[in-house]
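First, one chain by itself: the form predicted alone, in structure tokens.
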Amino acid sequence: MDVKPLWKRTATAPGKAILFGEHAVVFGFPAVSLAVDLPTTVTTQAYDREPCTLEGSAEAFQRIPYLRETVRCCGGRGLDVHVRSALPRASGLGSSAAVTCGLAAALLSQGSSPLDRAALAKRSFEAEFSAQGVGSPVDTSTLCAGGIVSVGGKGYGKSLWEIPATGGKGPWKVDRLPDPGWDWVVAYTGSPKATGKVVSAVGKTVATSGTAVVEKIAAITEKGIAALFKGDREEVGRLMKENHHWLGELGVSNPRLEEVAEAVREVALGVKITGAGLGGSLLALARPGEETRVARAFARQGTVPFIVKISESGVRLETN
């Protein structure tokens, strides 16, 4: 006989792509991130029992630190979690943050009341930081807010919330930026990356060599924010190329990423690493109406491309 759950909640989170400023944001500089329509659905059921399970397996649940830390930070017991995602794992497109935010939304839900997105963003980042030990709130805040956001820096658009300092970094101010209404192309290279290890390696590089490169990236991000406010597609594409170059100088590119970027650069306004780097994905901005052409150029390089739109809603609770 099936045991009925105490409650059941389903949350859907978008993916994310960082447009400008990855890595620099960890050092107090701004980043710009896009919530994109590559959904992850997290269904959570609560039972009057222990332990927590993933797809019915307690062992599988314990293997995933993001699940364990989200339950610790948000409270919960006797949970069974089911995940369905359009995002490749370890792709730089926010797969772990989507699971974290989706589970946190279920645990923090207050019945029919709207989600407290500021509280959700803070708890989700606390869980993700605890799981990987390094990083910034770019992924979790982008998924909680939806749309296009800036994280860190001095504040550029409509203020959303502030994430408290964590691990000696921050605090981070999160603002809403204008969406010019463009489509984007992301492509998973097929090479997974480990965000925590890459961020730690960049931290050691900056500690040894100084902040000159992250300051270059920060300056590009400032110009990119201004270009978004103007809706200047050509300038955003040009700045993406610059940002990619300096990420290479920071040591987070590799031959595979450079080979793909070089091939796609011929048909796109801009293409760059998105996320931690050393694997993962690339983000491209096409000329108007040429997104399919760019996606095909990515596919010819053996990547998995997605033409994406901005997801305005961010994490949302579904009706069960």
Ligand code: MEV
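When you see a residue number, it is the position in the sequence shown, counting from 1. Computed from a predicted structure; not experimentally measured.
Heads up, the form predicted together with the ligand isn't pictured, but that's what we're talking about next.
Answer range among 268-276, 290-298, 40-48, 253-261 for contact with the ligand, defined in the predicted bound form as heavy atoms within 4.5 Å = Among the listed stretches, the partner-contacting one is 268-276.
Proximity of V138 to the ligand in the predicted bound form, heavy atoms at 4.5 Å | Contact with the ligand, yes.
Heavy atoms within 4.5 Å of the ligand in the predicted bound form: does L67 have any?
-> L67: no contact with the ligand in the predicted bound form.
Can any non-hydrogen atom of L108 be found within 4.5 angstroms of the ligand in the predicted bound form?
-> No, no contact at 4.5 Å.
Heavy atom to heavy atom, is V26 within 4.5 Å of the ligand in the predicted bound form?
-> Close contact exists here: in the predicted bound form, V26 approaches the ligand to within 4.5 Å, heavy atoms only.
Among the candidate residues V199, V213, A118, A227, which is the single one with a non-hydrogen atom no more than 4.5 Å from the ligand in the predicted bound form?
-> That would be V199.
Sequence order please: the residues of 33-60 with a heavy atom within 4.5 Å of the ligand in the predicted bound form.
-> Contacts from 33-60: none.
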